[in-house]
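Let's start with one chain on its own, the form predicted alone, as structure tokens.
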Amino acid sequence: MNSQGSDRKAVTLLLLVMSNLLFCQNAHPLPICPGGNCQMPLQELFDRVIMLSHYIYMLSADMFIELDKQYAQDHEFIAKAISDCPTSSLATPEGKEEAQQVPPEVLLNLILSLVHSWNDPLFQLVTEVDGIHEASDAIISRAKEIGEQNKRLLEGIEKILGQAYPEAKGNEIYSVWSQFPSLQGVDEESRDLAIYNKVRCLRRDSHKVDNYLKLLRCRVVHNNNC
């Protein structure tokens, strides 16, 4: 096995272990507004939101790993399952250098759009995963947890935008999820293909959100001195 393959497996294992530790120990991130009080420095608000976004990313990566185990040897299934994510219609920057060129208020609205776009699909995903007989308890519980925490993340990003760039509020663009209709009544293979791709897209987008927020904290709070 080459070193690149070994490194990828090591990262996957680390994500799985850390996610399990956080989830099993009920180690939820700090509340965005403790006691309903959101009057806090921008740096602390960023820190709390980033802790939450990273938690969601780790849960989504863990859920994808658990799901991927079922189809790891079925290359034909994976090839058929992977298709464009509906949120691909949002023009998000690719990589750190491109993201650095986007004005902070614009990038915040893009992040807000990504997170908001997952609200309904996450609710739908919980129902779909819960109906799969082969789905493990780990997959089902993580889907439910991500759905709950995504609402808190949306609230936190809105607080950051309102505090740092109040004039930019209301400029977000929400993607249309026409590619992910209800899976009720479809055959088992079509359902499994759709769920696999939806979880893959969730992992991709939650990773983007986490990286963008960390980049913005560096730019906005620390003036790129990090």
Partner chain sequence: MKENMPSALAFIFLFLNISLLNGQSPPGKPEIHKCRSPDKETFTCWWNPGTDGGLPTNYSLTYSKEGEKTTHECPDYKTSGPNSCFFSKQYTSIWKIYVITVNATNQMGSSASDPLYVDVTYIVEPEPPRNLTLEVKQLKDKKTYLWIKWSPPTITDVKTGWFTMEYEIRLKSEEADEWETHFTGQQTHFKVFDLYPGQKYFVQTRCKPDHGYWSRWGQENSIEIPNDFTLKNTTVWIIVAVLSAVICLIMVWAVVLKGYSMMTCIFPPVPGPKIKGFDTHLLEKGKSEELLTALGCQDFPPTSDSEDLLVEFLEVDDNEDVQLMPSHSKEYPGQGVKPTHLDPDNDSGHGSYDSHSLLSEKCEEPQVYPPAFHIPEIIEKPENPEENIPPTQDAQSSIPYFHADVSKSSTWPLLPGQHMTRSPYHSIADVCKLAGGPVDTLASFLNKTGRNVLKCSKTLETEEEKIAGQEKKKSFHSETKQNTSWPLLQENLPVVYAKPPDYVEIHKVNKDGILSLFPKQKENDQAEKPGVPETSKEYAKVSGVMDDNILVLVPDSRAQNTALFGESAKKAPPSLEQNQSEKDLASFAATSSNCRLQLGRLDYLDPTCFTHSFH
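Computed from a prediction, not measured in an experiment: that's the story for all the values here. Residue numbers count along the first chain shown, from 1.
Form predicted in complex with its partner chain: not shown, discussed below.
Chemist: If contact means any heavy atom within 4.5 Å, which of 138 to 146, 90 to 98, 121 to 129, 151 to 159 contacts its partner chain in the model of the complex?
Modeler: Of the options given, it is 90 to 98.
Chemist: Which residue among L52, L67, M58, I195 has a heavy atom within 4.5 angstroms of its partner chain in the model of the complex?
Modeler: Checked against the cut-off, the match is M58.
Chemist: Even though its partner chain is not shown here, does R200 get within 4.5 Å of it in the model of the complex, heavy atoms only?
Modeler: R200: yes, in contact with its partner chain in the model of the complex.
Chemist: Applying a 4.5 Å heavy atom distance criterion, does I78 contact its partner chain in the model of the complex?
Modeler: Because a heavy atom of I78 falls inside 4.5 Å of its partner chain in the model of the complex, the answer is yes.
Chemist: Any of the heavy atoms of V106 lying within 4.5 Å of its partner chain in the model of the complex?
Modeler: Heavy-atom contact with its partner chain at 4.5 Å: absent for V106.
Chemist: Sequence order please: the residues of 209 to 226 with a heavy atom within 4.5 Å of its partner chain in the model of the complex.
Modeler: Going through 209 to 226 in order - heavy atoms within 4.5 Å of its partner chain in the model of the complex - the hits are D210, N211, Y212, K214, L215, R217, C218, N224, N225, C226.
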